[in-house]
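The chain below stands alone and is given in C-alpha cells; this is the form predicted alone.
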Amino acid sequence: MKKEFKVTPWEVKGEVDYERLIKEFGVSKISEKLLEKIKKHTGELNPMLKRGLFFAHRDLNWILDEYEKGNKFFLYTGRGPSGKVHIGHLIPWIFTKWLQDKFNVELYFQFTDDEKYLFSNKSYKEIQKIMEDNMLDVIALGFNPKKTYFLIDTKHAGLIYKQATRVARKITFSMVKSSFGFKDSNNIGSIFYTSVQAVPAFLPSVLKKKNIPCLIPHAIDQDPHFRLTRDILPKLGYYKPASIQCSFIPPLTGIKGKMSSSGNKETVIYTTDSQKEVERKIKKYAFSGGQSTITEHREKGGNPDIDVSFQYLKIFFEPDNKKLEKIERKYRSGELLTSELKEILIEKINTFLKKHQQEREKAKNKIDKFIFKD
C-alpha cells in the first residue's frame, strides 16, 4: 500500500517518497555521469551533490552544454517572506552561492511579498517587515553584490507586471487548477501569481535583448510553478529554464517530511536562535537512532539512517567525508552514544550560526546594494 503524502508549493505533509515524487513530477534523477560533467567545470563537487541532497533536475545537461558553447547562464531563486528564516531555508541558497562562485554568474533573487500577502492572513506591513529581515539572512551568506539582484514583486511591479501579463495570456484557469489544485474559492490574485513567479526566468533575456539560459536551484515542492513556466516560455520565444531540485531538511522530530516554521517552532532551528536555544532544542527534540539504554546501545549500536542529528551532519554541517564516515562507523558500532552525537551537532550548528549572525548584523547596511535598480 502506498503511503500518502502531499507536496505542493504551499504545503508538505506526510512521509515524502522521493523516488515516487521523481516519477509523479516528471523530473530526472541526477546521474553519476551528470555529476562528472558538473565536476569538469567546478573542479570539485559540493557535498550536497555528492550526498544526494540535490537529487533531481530538468535540462541540467542542456544548460551545461550551452555553458560549454559560451552561452553563459544566470541563476534564479527566491524567498516567500512568510516568517523567520530557519536552517532548512538556507540549504538551497548556500548551494546557489556555490554555483554562483564556481560558474561566476549572475543571480536574480525574487522576494515574493505579493504571494505571501495573497496566500496568508498577514497584513502587507507585516510581510514587508518579515521580508527585510529575511534579506539579512540571504546577504549574510556572502553572495556577490555586483552579481546578485534582489527583485521585490511589489517594488519592481513596473518592471515585472508587463512581462507577467505576457505569461498570463498563455495560461488558462484550467492549467492553474490542474497544477495547483485551485478551486473557485481561491482569490483571483493567487490564480495570477504563478505568472509573476515565471518572470525572473526570462527577465535578464528581456533586459539584455538576447536569449540567456536560466538555472533555478530550488526545493522540490516549488516544481509545479516552474513546470508551467517551462511550458510557456518557448511560446514567448525564450529558453525553458533548467532546474535542480533538493529534498527537504527534516524537522528535529523525524527524518521524513519538511522543517517548517508554520508547525511547532520548538522543532525548528532558526538562524537567530541563541546557542542555548539550539542546544535545548536538539537535546530535547532531535529524533534518535540510538537504543533505549546505554548498555543496549553499546551492544547493538545506533542507526544513523534515522537519526536526525546524523542526517543534519550529512546534509550540511559536516562537509568532510572522512570525519562523517568516522562518526557513522562509531555510531553504528555503539562506541558513540546519541548524547555524544547530539553534542557534535550542537557545536557544528552553533559555530555556523555564530558567524552567520555576525554577518547578519553587517548586512543591515548592505540591503540597498543588492536591490535591483531599474
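Everything quoted here is computed from the prediction, not taken from an experiment. Note that residue numbering begins at 1 and tracks the sequence as displayed.
This protein has a second form, the form predicted in complex with a small molecule, left out of what is shown; the following refers to that one.
In the predicted bound form, the small molecule lies within 4.5 Å of some heavy atom of His218. Although the partner is absent here, Phe226 is a contact residue: one of its heavy atoms lies within 4.5 angstroms of the small molecule in the predicted bound form. For the chain shown alone, Arg79 is a contact residue for the small molecule in the predicted bound form, at least one non-hydrogen atom being within 4.5 angstroms. The small molecule in the predicted bound form is not approached by Asp137, whose heavy atoms all lie more than 4.5 angstroms from it. Only one listed stretch (268-276, 169-177, 246-254, 109-117) carries heavy atoms within 4.5 Å of the small molecule in the predicted bound form, and that stretch is 109-117.
The candidate site formed by Gln163, Phe192 and Ser195 is entirely out of contact with the small molecule in the predicted bound form, as no residue has a non-hydrogen atom within 4.5 angstroms of it.
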